[in-house]
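Consider the single chain below, provided in structure tokens and representing the form predicted on its own.
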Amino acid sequence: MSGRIVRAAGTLMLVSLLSSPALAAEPREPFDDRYCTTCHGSDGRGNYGVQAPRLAGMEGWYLIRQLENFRSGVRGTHPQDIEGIAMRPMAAKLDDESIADIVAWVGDWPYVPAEVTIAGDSAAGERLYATCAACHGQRAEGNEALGAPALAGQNDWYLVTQLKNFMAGYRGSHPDDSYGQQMLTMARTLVDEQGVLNVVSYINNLEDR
């Protein structure tokens, strides 16, 4: 059984759990830690099993944009975006006030750099990253003015999965996802999986924020 199928099974089980009558009957705050910590970890460091990325230390403006994208269906509706499909029902329940509350709450989690889990040719990745740096910064620190999040310190397995999603058109193909469309085009310059591993390997070597 492939890792993607295993992850799909895990995310479907999680969605089933979160939507169970027992949980639905409980009163909910504007945000509830079941929506975040169950998948993203109690410390917000991410969870490989369900491909939930590190949230601790992530920029608030980027979190807001992604939650709004999930809520509106700009993200998480492609049939092959398994993890995005699992995330969308969580965001669909949120109003603007709830999103603001969640982002403020997540902002209190201490940032801890993610562990390195992938291997690639960092030297080759540096050459590939030259294109990425135009938006994400020389040290992958991100650029709010360009709508580009920080990459340094993010879970490398998550970066790999999302770059593959962009390359395949599973993410970034929605007509209202202008940032995603830009990223889809840029991701395809990596050509193949080895290119993805190489560029993420290089990002792993950059100084964290």
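No experiment lies behind these values; they were computed from the predicted model shown. Don't overthink the numbering: it's just position in the shown sequence, from 1.
In what follows, reference is made to the form predicted together with ligand HEC, a form of this protein that is not presented.
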**OP:** For the three residues Val50, Asp81 and Phe166, verify that every one has a non-hydrogen atom within 4.5 Å of ligand HEC in the model of the complex; reply yes or no.
**Re:** yes
Subject >> Contact of Ala114 with ligand HEC in the model of the complex (heavy atom, 4.5 Å) >> reply: no
**OP:** Would you please decide whether Pro149 lies within 4.5 angstroms of ligand HEC in the model of the complex, comparing each non-hydrogen atom pair?
**Re:** yes
**OP:** Classify Ser72 as contacting or not contacting ligand HEC in the model of the complex by the rule of any non-hydrogen atom within 4.5 angstroms, answering yes or no.
**Re:** no
Original post:
Heavy atom to heavy atom, is Asp177 within 4.5 Å of ligand HEC in the model of the complex?
Top reply: yes
**OP:** For the heavy atom contacts within 4.5 Å of ligand HEC in the model of the complex, list the residues of 78-97 involved, in sequence order.
**Re:** Asp81, Glu83, Gly84, Ala86, Met87, Met90, Leu94
